[in-house]
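For reference, the chain that follows is the form predicted alone, supplied as structure tokens.
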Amino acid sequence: MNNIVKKAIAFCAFTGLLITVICVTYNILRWKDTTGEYRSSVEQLYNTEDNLIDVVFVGSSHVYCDIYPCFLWEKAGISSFDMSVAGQDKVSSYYELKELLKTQSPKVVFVDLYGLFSDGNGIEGNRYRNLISMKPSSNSYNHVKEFFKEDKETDINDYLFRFPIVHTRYKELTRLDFEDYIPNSFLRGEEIIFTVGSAAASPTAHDTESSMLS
């Protein structure tokens, strides 16, 4: 009897240690750039107090580069959040919003039209950012299932279990993989770039002006 108890204790201890090692390893190797530009709207959401957000902007990089919650708060007293991910498609917009509604009760939701006309992610990294950014839950599971509903070739287990995607990251690890995002709650999903330089209209803008004049 004592031998059985010892084996049971050893098995439980080994299992617990194995789970701990896997969790710690995954936390280091996991896809950190879950929004774009090495920032994370989802991480900021998880670090935001419940029922704090009144207005939500859902969408792609057009949102996190152009909507500034801190400005809206300073100028109009509006508590807002950019629930945005680079290249966000309409399926991802829906499930990202559902994730936000777990803890927030916004009065108004604005949706970026870019995602409404996009069925997928043109960049592989954007697909990872959209599909494996949220904490594992029934919501993240349903997100992956619906995204690949018409795709019978992709192995969705890579996205459901995540580790098959991130275990190849050993060569690309940087200091950011071992540190928390700073700040990870203040910006409310926005992107701020501290650079100074000249700006010029894109060639597309010049072409449009020329065609209008002609």
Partner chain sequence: MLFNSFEFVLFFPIVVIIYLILPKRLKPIGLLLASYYFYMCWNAKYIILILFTTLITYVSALLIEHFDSKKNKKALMITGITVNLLVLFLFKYFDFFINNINFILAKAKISQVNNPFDFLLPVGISFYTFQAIGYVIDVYRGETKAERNIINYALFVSFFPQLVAGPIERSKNLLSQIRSIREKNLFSYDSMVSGFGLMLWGLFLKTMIADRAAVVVDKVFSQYYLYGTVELILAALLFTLQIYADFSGYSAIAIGAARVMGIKLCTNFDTPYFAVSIADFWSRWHISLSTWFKDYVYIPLGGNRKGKVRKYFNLIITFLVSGLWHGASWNFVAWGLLHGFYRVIGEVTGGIRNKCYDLLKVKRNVFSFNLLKRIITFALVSFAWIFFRAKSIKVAFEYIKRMFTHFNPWAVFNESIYSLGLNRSEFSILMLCIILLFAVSLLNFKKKQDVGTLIASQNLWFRWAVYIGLVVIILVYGEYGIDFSSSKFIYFDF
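Since we're looking at a predicted model, the values are computed, not measured. Residue numbers count along the first chain shown, from 1. We call the rigid core the largest set of C-alpha positions that still match within 1.5 Å between the two forms.
The same protein also has a form predicted together with the partner chain, omitted here; what follows describes it.
Please check if Leu29 has a heavy atom lying within 4.5 Å of any heavy atom of the partner chain in the model of the complex.
-> Yes, contact at 4.5 Å.
Interface membership of Tyr46, the partner chain in the model of the complex, 4.5 Å heavy atom rule = Output for Tyr46 is no: heavy atoms all beyond 4.5 Å of the partner chain.
With a 4.5 Å heavy atom cut-off, would you call Lys171 a contact of the partner chain in the model of the complex?
-> Yes, Lys171 is a contact residue.
Is there a heavy atom of Asn157 no more than 4.5 Å from a heavy atom of the partner chain in the model of the complex?
-> Judged by the heavy-atom cut-off of 4.5 Å, Asn157 is in contact with the partner chain in the model of the complex.
Within 4.5 Å of the partner chain in the model of the complex: all of Phe14, Thr25 and Phe161, by heavy atom?
-> Heavy-atom distance to the partner chain in the model of the complex: all three under 4.5 Å.
The partner chain: the contacting residue among Val55, Cys65, Leu52, Ile165 in the model of the complex [heavy atom, 4.5 Å] = Answer to the contact question: Ile165.
Within 4.5 Å of the partner chain in the model of the complex, counting heavy atoms only, one of 75-83, 107-115, 139-147, 123-131 shows up; tell me which.
-> Selected stretch: 123-131.
Core aligned, does the CA of His62 move at least 2 Å between the shown form and the other one?
-> No, because once the rigid core is superposed, the C-alpha of His62 moves less than 2 Å between the shown form and the other one.
Rigid core superposed: Phe161 CA moves 2 Å or more between the shown form and the other one = It does not, since the Phe161 C-alpha is displaced less than 2 Å between the shown form and the other one after the core fit.
2 Å or more on the CA of Glu172 between the shown form and the other one, with the rigid core superposed, yes or no?
-> After core superposition, the displacement of the Glu172 C-alpha between the shown form and the other one reaches the 2 Å mark, so yes.
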